[in-house]
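Same chain, two forms, each on its own as structure tokens: structure 1, then structure 2.
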Structure 1
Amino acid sequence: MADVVVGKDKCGEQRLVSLPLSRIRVIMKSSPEVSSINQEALVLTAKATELFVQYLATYSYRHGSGKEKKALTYSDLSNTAEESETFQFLADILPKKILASKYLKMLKEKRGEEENNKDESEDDEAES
């Protein structure tokens, strides 16, 4: 089976797919309910993944703020995941980053709310 096919092969021809088929296959098989995968489907999935990487990179760069610095950054990607419907499925794995101080503040506020709710329900119990 053609595994790692990077760049040119022995005959010097350009390979169809750069990503290793064996690895793509492992990922595909980890999906439950998938019984068997035809070789063509494997090759197309690998190719589609390459197209996806290209698309995600260029889209994020075009729409991102990294353009001024001529660099693609993580925040360009997380912006894409949040704002583009097509890339919505990535939102969970590309979360927006916030400063630690902001996060701690959020936690505090949340705890404050929970304390208030707790006090209220205790009051209710006391009344009844």
Structure 2
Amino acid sequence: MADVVVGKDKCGEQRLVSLPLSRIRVIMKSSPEVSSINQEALVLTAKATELFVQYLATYSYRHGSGKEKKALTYSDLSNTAEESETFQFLADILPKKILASKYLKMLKEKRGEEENNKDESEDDEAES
């Protein structure tokens, strides 16, 4: 395995990964297709997840407003998910924040459109 060591555990020993392997095992076992998990696969999945999160954070920081503020914000992450083709699959997980009042207004408009479409289809059926 790799000689790269990152982080330390509670006892002060150095670890290969920073994420808790027990949590990753639980997530992996939640899939009905997985019956057993090899220790090497678990460590590699944890390391790949760490690298992915690190890349997402770095990309979002560099392409967002984080440079100016020296901070990474949720809006930087959601903008990255929306604008970057690489991270497009995260758009549903990292949606842009909107106010509750705007959301309720959008719901009302959507319901109004659905009712109009329903009325139009009923009128078309009545004419037939």
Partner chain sequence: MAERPEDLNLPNAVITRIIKEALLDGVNSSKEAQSAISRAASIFVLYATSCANNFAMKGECKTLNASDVLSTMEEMEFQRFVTPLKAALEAYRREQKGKKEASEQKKKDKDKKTGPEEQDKSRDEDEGRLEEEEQNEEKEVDN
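Start at 1 and count along the sequence of structure 1; that gives the residue numbers used here. If you superpose the two forms and keep the largest set of C-alpha atoms that fall within 1.5 Å, you have the rigid core. Computed from a predicted model, the values in this text were never measured in an experiment.
- For the form predicted on its own, the corresponding chain is the one labelled structure 2.
- Per-residue C-alpha deviation between structure 1 and structure 2, core superposed: Leu107, 3.5 Å.
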